[in-house]
Ligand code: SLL
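Single chain ahead, by itself, as structure tokens, in the form predicted alone.
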Amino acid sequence: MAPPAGKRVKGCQIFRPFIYGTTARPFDEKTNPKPPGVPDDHTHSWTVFVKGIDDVDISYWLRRVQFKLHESIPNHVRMVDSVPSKPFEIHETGWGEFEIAIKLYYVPESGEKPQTLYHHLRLHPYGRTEEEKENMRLNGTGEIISWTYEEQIFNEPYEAFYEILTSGAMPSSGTTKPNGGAGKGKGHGSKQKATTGTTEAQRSEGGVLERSAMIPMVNRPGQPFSRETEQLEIKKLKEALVKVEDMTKTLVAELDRKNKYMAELKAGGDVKAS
């Protein structure tokens, strides 16, 4: 592909948040019946996707996504072209977990080469501890959610692509309900105004504007990534850091005690093991 006409915007870096991952559900006669024609040994339905944070449109920078599935699946390399305000996704059924290669193709104006991400399809509850696995098992939906928050960084974009990225935040493709609630891609609560060029776009509290680097302020059902999530993760990291520092102090004290003991032995002292 020939590079776009024009120069790069030096010293400029622009990022756009997005989400990729899988959602799986076990087949169940009441909540998730197996469709006709699905093989008997298939135990789950699942979806792999790439989409914008808070379901906003990302087709202005992402043109196509290739999903490379397990070779045992018919047509295991799938191409999904962009549709404005729709996620890049495919739906399948199966019985086993495997790694999915997700290749991102950018819009021609970007001049960027494709990049590949890798994601492990999860069909069963997982976690670092049995408690985390149990919480996923009892989440009330039956879904096994394995999502990853990512930020696409464009370093020194071409001038034409820079104009696309910075053409002003657009109102979300969802609609706001008259009672102040939220439609697709919106938050909840009081409305806020954001300037987009010469007009003002409405957005709900916790929602985001398209063509921006915003993320929601708070978590909502189906939208687990937000500033609230970020603060919770920061809190966990700070708590873990305190534990590590305490462990380090204990180990250093123990090492000092042993070094002192070794020094006394070498000096010929009559030291009894403590």
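The first residue of the shown sequence is 1; numbering continues from there. In this text the structure is predicted, and so the values were computed from the model without any measurement.
Beyond what is shown, the protein has a form predicted in complex with the named molecule; the following relates to that form.
K.L.:
Let me test this: is every residue among Tyr126, Gly142 and Trp147 within 4.5 Å of the named molecule in the predicted complex, going by heavy atom positions?
P.N.:
Heavy-atom distance to the named molecule in the predicted complex: none of the three under 4.5 Å.
K.L.:
Contact between Glu89 and the named molecule in the predicted complex at 4.5 Å, heavy atoms?
P.N.:
Close contact is absent here: in the predicted complex, Glu89 is far from the named molecule, nothing within 4.5 Å, heavy atoms only.
K.L.:
Might Asn155 be said to contact the named molecule in the predicted complex, defining contact as any heavy atom within 4.5 Å?
P.N.:
No.
K.L.:
Even though the named molecule is not shown here, does Ser72 get within 4.5 Å of it in the predicted complex, heavy atoms only?
P.N.:
Ser72: contacts the named molecule in the predicted complex.
K.L.:
Although the partner isn't part of this model, could you tell me whether His42 comes within 4.5 Å of the named molecule in the predicted complex, counting any heavy atom of the residue?
P.N.:
Judged by the heavy-atom cut-off of 4.5 Å, His42 is in contact with the named molecule in the predicted complex.
K.L.:
With the partner removed from view, which of 105-113, 134-142, 79-87, 92-100 is the stretch that lies within 4.5 Å of the named molecule in the predicted complex, judged by heavy atom distances?
P.N.:
Only one stretch passes the 4.5 Å heavy-atom test: 92-100.
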